[in-house]
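The chain below stands alone and is given in structure tokens; this is the form predicted alone.
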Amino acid sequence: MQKPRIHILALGGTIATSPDATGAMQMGLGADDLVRAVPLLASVAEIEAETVSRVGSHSLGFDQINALAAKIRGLKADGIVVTQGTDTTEETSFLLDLLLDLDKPVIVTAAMRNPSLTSPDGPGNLLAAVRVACDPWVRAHAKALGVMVVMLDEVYAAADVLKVHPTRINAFASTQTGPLAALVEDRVVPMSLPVRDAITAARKHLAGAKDGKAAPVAVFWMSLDETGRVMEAVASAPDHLGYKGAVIGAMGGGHTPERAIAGVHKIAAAIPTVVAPRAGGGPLLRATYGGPSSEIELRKNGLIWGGRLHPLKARILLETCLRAGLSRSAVTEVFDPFG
């Protein structure tokens, strides 16, 4: 039986580091180095490896991920595995999910432990990602699964996965939904298919639109006794300091401190502003609490409701919409199905 053809695209990150003369870990390993570290890959798939970049994922940007999506669309492989750093995996994987609508698996993986440490997890994560990309159930349901993240023998939907710890090996989780599948021995054990109606609807709005100019989105995190003065400053500044949109990481079911409400109203009047749960996932309330900074009043005053999206993912979706030239009303329609 012919083995699946899997194309590995290496971007850099901890998985691709090596120590310099001082012992500090530096970017440097390429795709071929990663493949050589996992001899078992040859027994699982026909591998083609390509080095795209050698940077930490904290230095990746929208333009690079849009270019990566274009490259992936042109590949003839049966599945694609992207290796990168963990700092932005929850964001880059979601952006790829918005940009790609393929009937083949696309998987992002990374490492928490660098190659100089005992038991680095990079080789195991790469092998697991390739096994997932080759799995018959995954390939049969690739369109329904969307872009996936594979870490520590679990498979997550890109729309739901979060990095929940800065350093531990089990840093990734889908706190709202759980994993889609798990790896046991050399098997992929399916657990669920994700609900993707909101992603499908978003793609329809984005379909045919070319990635336009950068449209930076500010993130404002609400906390105890927040004044809202930074929001007021951005709203009042010439060209809003270059920001084209904003995301508010709101308290509870969609609330802000009352003393911040002037800033909230000003930023929402100036640029499209999305409310997302600072707790990390929704869905938010829509019509329960009253008062000037409640979800009822915020929605009446033009705030766009981010539903169940983490503020970081809401930012990714908002900037993608703005780069595509969508109007404020169209952006609202994109976010509404997320709850």
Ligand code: ASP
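Throughout, we count residues from 1 along the sequence that is shown. Here the structure is a predicted model, which is why all the values come from computation and not from measurement.
Just so it is clear, the following notes concern the form predicted together with aspartic acid (ASP), a form of the same protein that is not shown.
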### Query
Only one of 264 to 272, 134 to 142, 247 to 255, 83 to 91 gets a heavy atom within 4.5 Å of aspartic acid (ASP) in the predicted complex; which is it?
83 to 91
#### Entry: Of A129, A111, M148, A181, the one that lies within 4.5 Å of aspartic acid (ASP) in the predicted complex (heavy atoms)
A111
### Task
Work out which of V38, M27, L312, L285 lies within 4.5 Å of aspartic acid (ASP) in the predicted complex, going by heavy atoms.
M27
### Message
With a cut-off of 4.5 Å between heavy atoms, is G307 one of the residues that contacts aspartic acid (ASP) in the predicted complex?
### Response
no
#### Entry: Any non-hydrogen atom of S57 within 4.5 angstroms of aspartic acid (ASP) in the predicted complex
yes
### Query
Counting only non-hydrogen atoms and a 4.5 angstroms cut-off, does T320 reach aspartic acid (ASP) in the predicted complex?
no
### Query
Going through 1 to 39 from first to last, which residues have a non-hydrogen atom within 4.5 Å of aspartic acid (ASP) in the predicted complex?
G13, T14, M27
